[in-house]
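The chain below stands alone and is given as structure tokens, in the form predicted alone.
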Amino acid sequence: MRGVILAVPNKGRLRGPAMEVLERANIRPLDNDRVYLSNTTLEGVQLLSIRAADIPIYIYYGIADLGITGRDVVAESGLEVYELADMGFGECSLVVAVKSDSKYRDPSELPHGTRVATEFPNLTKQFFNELGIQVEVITLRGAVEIAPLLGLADCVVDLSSTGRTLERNGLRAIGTILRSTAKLICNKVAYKTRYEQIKMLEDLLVRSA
């Protein structure tokens, strides 16, 4: 039987805290940072370093058994995985933000045809569909905040921790779609077929969080 594969973000805001949890759990990669799949100091556990947004996909299809990533990307993926635990870091909110001088104070006030720039097209469409507002979603991969300034979009749906990045780009939040923290997620089949291995690793990571 192969060991348990644990997926972690290879960069971004969750990488550092995730690796600190592993360090406290005495789980260290044995290969250098450029290796995607590494053996670790804990026998039977391998570390898969990939994009945070891709982790739910690798978990869902059973390539990885466990993963640490944000609730926001799990929700955006729409894939069915188990959320085993909250890891206690990476707190942020997915918000709707408009220009600071905008007359709109709530997402429900936005008119039909509003152009919304985001890295979260699925959550954005679902949110505005539930409000009964038809919007044009523009999917970007980074630097979402500049879209209104440059005239590409009327507003954005983006992650915000403190609100300072929004303010620096002349934006203000008018609504929250969801609140997110880092989650320990698991493949549904692996949870049944490798329960003892996964439960041991889950307990170790939660204690170290």
Partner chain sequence: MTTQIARMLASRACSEGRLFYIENCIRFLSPKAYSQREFWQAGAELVGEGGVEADGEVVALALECLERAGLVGAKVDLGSIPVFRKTVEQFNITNYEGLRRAISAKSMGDLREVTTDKRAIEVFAYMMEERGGPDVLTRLSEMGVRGLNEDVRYFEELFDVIKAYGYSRNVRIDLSTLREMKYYNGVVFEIFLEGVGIPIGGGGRYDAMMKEFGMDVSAAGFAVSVDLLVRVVEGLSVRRSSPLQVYYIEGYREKAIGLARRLRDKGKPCTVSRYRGEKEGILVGETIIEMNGGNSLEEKL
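Not measured: the values here are computed from a predicted model. Positions refer to the first chain, counted from 1.
Missing here is the form predicted in complex with the partner chain; even so, the following discussion is about that form.
>> I need the one stretch from 132 to 140, 79 to 87, 112 to 120, 98 to 106 whose residues put non-hydrogen atoms within 4.5 angstroms of the partner chain in the predicted complex.
In response: In the other structure, the partner sits against 79 to 87.
> Is Lys188 close to the partner chain in the predicted complex, meaning a heavy atom pair under 4.5 Å apart or at it?
Replying inline: Yes, Lys188 sits close enough to the partner chain in the predicted complex that at least one of its heavy atoms falls within 4.5 Å.
> Does the 4.5 Å heavy atom contact test between Lys11 and the partner chain in the predicted complex come out positive?
Replying inline: Residue-level check for Lys11: no, no contact with the partner chain.
>> Can you work out whether Arg15 and the partner chain are in contact in the predicted complex, taking contact to mean some heavy atom pair no more than 4.5 Å apart?
In response: Close contact is absent here: in the predicted complex, Arg15 is far from the partner chain, nothing within 4.5 Å, heavy atoms only.
> Do Tyr61 and the partner chain come within 4.5 Å of each other in the predicted complex, heavy atoms counted?
Replying inline: Looking in the predicted complex, residue contacts with the partner chain include Tyr61, since a heavy atom lies within 4.5 Å.
> in the predicted complex, do Arg51, Val157 and Asn169 all reach within 4.5 Å of the partner chain through at least one heavy atom apiece?
Replying inline: Checked in the predicted complex: no contact with the partner chain for any of the three.
> Within 184 to 209, which residues have a heavy atom closer than or equal to 4.5 Å from the partner chain in the predicted complex?
Replying inline: Asn187, Lys188, Val189, Tyr191, Lys192, Thr193, Arg194, Tyr195, Lys199, in sequence order.
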